[in-house]
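Just the one chain here, the form predicted on its own, laid out as structure tokens.
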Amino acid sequence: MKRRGFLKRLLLCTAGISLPAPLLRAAGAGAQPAPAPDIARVTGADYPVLVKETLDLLGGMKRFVSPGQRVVVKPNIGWDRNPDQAANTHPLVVRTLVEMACEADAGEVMVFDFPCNEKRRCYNNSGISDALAAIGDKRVKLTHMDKRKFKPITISDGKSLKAWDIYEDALTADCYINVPVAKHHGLSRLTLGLKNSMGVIGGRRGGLHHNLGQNLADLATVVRPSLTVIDATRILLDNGPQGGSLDDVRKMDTLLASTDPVAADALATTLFDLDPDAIASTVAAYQMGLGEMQPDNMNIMERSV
């Protein structure tokens, strides 16, 4: 089922209608094993080139975006920090992805997040506001999230989380591109792609930190990116997710990208000298059949630019 068809059915949850089991549920006994997911790992100091080469390994942006489609590029813009502090997705990574979506003839490209600090300062000091304004394309819309667009969604296959308010534009876009920054987190150890879904939910988000790993996996059954691009151009090694000290930042000049969100998180974890099973959300999502977590079972495509 294509993303738009799946998500139209998802929004029927607001009327109390249950969803089918996750489309990526683990295969039953006797079924053929799933093919190894493709994941691109590219290094390079020229970030626009880095983004383009990473997408090229996966077939290019036109594999994901068709003419006229509504696209969401969802970075982490949660903190009042500058790009060097590695608390938010790098503005050049965001800008290049948005430009590539426009070049693929997207009808609209929306960028938003639900910041933890004051939203205008986050958007401005992250560098993302200026980066997108420089594109000069009316199709590009950096917006502050509208509380009226959070919709109550039943999470039919959730083990811990059975319902939550989720941002409508994240669910109904034709193409949803998840663009987290890879960094330390005081509660979840790391925050990567699955954790970035916290930026498209409403309600009392702090309450999800109890049994956080399973809650994030449950959210992943309904918040389903077409593509995950993990920004590891510089990673925050300590005092996350907000950071602040440049002593906690390591410059990696790396991007990871995959259509498998679990695989993307799993491989990104190794950049911190950790095994994928160190992150509870990765393990929980893998156990629910939402993706692959073993690097030996991935088709890792590497390039240096």
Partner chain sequence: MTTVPKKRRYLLLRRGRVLFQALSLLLFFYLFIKTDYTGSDTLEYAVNILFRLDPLLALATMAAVKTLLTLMLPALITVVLALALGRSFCGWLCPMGALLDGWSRLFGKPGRQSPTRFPHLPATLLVIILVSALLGLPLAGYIDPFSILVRGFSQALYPGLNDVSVAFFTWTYQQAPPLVNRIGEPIYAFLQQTVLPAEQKFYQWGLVSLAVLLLVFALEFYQRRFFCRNLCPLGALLGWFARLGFLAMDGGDTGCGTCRLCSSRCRMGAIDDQRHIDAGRCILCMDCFTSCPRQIIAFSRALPGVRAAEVSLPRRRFIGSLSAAVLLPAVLGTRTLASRPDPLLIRPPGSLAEAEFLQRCVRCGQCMQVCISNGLQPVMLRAGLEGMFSPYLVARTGYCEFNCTLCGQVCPTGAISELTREQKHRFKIGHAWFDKNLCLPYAKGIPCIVCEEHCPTPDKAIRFRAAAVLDDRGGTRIVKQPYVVDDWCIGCGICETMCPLPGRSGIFVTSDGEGRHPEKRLPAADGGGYGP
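As the structure is a prediction and not an experimental result, all values here were calculated from the model. Positions refer to the first chain, counted from 1.
Below: the form predicted together with its partner chain, not depicted.
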Given 94-102, 199-207, 154-162, 131-139, the stretch touching its partner chain in the model of the complex at heavy atoms within 4.5 Å is 199-207
Would all three of P83, G127 and K251 be in contact with its partner chain in the model of the complex, where contact means some heavy atom lies within 4.5 Å? no
C116: touches its partner chain in the model of the complex, heavy atom cutoff 4.5 angstroms: yes
Indicate whether G44 is a 4.5 Å heavy atom neighbour of its partner chain in the model of the complex. no
Taking 4.5 angstroms as the cut-off for heavy atoms, does N239 touch its partner chain in the model of the complex? yes
Distance check, G244 to its partner chain in the model of the complex, heavy atom within 4.5 Å: yes
Across 159-184, the residues having a non-hydrogen atom within 4.5 Å of its partner chain in the model of the complex turn out to be E168
